[in-house]
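Two versions of one and the same chain are coming, encoded as structure tokens; call them structure 1 and structure 2.
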Structure 1
């Protein structure tokens, strides 16, 4: 399970129409479904999930969602529950993305969402990351803390369903300060492993670690080879089937 590279596309609130979503998804799927060493997951807006699901055939390309609520039913206008997601046959959910945290999602809410998603049988892509780096290493403490709160009450047996994506906020999006380096990602991937080992001892090996933030066709391989990660969480570049295919091919060819 751990040996395949995991490449996840987070489409955020794009594209603008279902026609474009179908076009992009079918193009990505065509290239991705021949890759043996890569598991590809596309996370489109909720509204497109039912339609795109019809294009799923094998296991190499799957669909995930970008958020969930933490109750399975109730008067929560506009929210979607883990049970509803799982009833559609969708198996992964991104939780705690920095763009959701910026809208008011707290560490405690992230923790509740993680627990609810696991209970519904979903795999969780937990996003963590600092807004800025400081010389004293406070950002490492911040990430350690985000993980400890998010995984409160998550048992060892659920660890294979946890994927942690390190996404430094300063490296995300078209206004990113700079792209992170493979060393930046390596430092945090080591920190994440330490945090997990302190929480779970040797069972922590089951947790996959991803890097996300301005990943493109040119830097993907560098991150995959030099940051001790199991895959990538890709934003903008996952909406361009040509560039995303380059990323997938880099992952396929890693020795």
Structure 2
């Protein structure tokens, strides 16, 4: 499975209506379903999952969710549990996204969510990344620490269900300092591999690494070819079926 490029679309809190969500998803699915070398996962808002699931056929296009809680039931108003996600037949969840961390999610909460999701049989898309880069390289230690805490108590047998997505927060959004380069992503993908190897030895190869940060149709191939990554976590561009299809085709055409 790792030989296929994994492209994940994070729709965040878009679009505004179920009609738009259906339209975007069916257009993306039409193109993604014919790609043999790419696995596509779309993570829409929770409220659209049940409806969009009706359009799933085959294994090349799937659905994931953007967050989970760390208990399977209880008095947690507004939260959704790993057991509830699994009961819908959904197999992937994003955990530790930079936007969730900005709302107060700690490394310890991320770890509890990772453990709970794995126990429910879900694949975890673990997001890590730095808000700024310092000249002394402390940001590398920050990312290393994020991974070590998030994977605390995660066993070797669970590694095939772990996907790590690197998000350079400083390169994302309207206030981005600059665009991240394939070299930036390569540096961190090497760090992630070193951290995983120190924790899991040869089993570290079972973890897929993605890049996520202002990916578009023009730069997707450069990241995929030059950053030693297994795929992409795409935000805003995944809401545009035309642009997202360009990204998927870039991944399909990589030898």
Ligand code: 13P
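Rigid core (definition): largest C-alpha set, two forms, superposition within 1.5 Å. Residue numbers count along the first chain shown, from 1. Note that the structure is predicted; figures quoted are calculated from it, not measured.
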Notebook entry, point to check: Between structure 1 and structure 2, which should be identified as the form predicted on its own?
Noted result: 2
Item checked: Rigid-core frame, C-alpha of residue 135, shift of 2 angstroms or more between structures 1 and 2 -> no
Notebook entry, point to check: Rigid core fitted, is the C-alpha displacement of residue 77 between structures 1 and 2 2 Å or more?
Noted result: no
Notebook entry, point to check: By the 2 angstroms cut-off, has the C-alpha of residue 173 moved between structures 1 and 2 once the rigid core is superposed?
Noted result: yes
